[in-house]
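To begin, one chain is listed below as C-alpha cells, in the form predicted on its own.
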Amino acid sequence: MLLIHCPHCREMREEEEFSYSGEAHITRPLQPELLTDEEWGDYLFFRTNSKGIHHEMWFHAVGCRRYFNVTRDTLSYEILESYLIGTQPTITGATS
C-alpha cells in the first residue's frame, strides 16, 4: 500500500483515499482545431509510460477533494515527492 502526502492537507494518508488521474504536466494544444486527427489522437491517448521517475496527477477524493502532483519511481513504486499543481517538481531524473 502506498502512503501519499497531500500537499493541501499536509498529511500522509493511505492510497485508498486518492484517485490516480494520469500523467502530470500534459500541455493542451493552443489551437486544437488546427491539429490533424493523428495529432489530436496523440494528445488525447498517448503518454510516455516511462520506467523510473514519473510525474503523476492525483486527486484526494476522500480528503480535501483537490488535485496535486507526485513524483513516483515506477520501478519501486516509491513516491519521492508531492507538490501543488502549477509548480515544478524538484526531482526530474534518476535518483541513483
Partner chain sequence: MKKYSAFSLLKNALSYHENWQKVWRNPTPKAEYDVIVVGGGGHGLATAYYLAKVHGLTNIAVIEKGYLGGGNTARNTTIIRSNYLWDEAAQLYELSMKLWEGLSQELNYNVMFSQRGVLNLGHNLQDMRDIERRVNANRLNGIDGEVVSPHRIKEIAPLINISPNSRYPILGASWQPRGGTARHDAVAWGYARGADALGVDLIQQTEVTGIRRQNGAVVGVETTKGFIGARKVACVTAGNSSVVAAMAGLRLPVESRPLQALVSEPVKPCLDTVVMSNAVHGYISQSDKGDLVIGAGVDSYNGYGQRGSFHVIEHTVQAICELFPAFSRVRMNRQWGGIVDTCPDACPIISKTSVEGLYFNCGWGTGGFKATPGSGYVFADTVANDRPHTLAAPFTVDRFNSGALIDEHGAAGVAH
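Residue numbers count along the first chain shown, from 1. Only a predicted model underlies this, so the values are computations on that prediction, with no experimental measurement involved.
Heads up, the form predicted together with its partner chain isn't pictured, but that's what we're talking about next.
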Just to confirm, Gly41 within 4.5 Å of its partner chain in the predicted bound form by heavy atoms? yes
Though only this chain appears here, would Ile91 touch its partner chain in the predicted bound form if you measure heavy atom gaps against 4.5 Å? no
Given that the partner is absent here, does Thr48 sit within 4.5 Å of its partner chain in the predicted bound form, heavy atoms only? yes
Just checking whether His54 would be counted as a contact of its partner chain in the predicted bound form - the rule being heavy atoms within 4.5 angstroms. yes
For the stretch 4-19, return the residues whose heavy atoms include at least one within 4.5 Å of its partner chain in the predicted bound form, in the order they occur. Glu15, Glu16
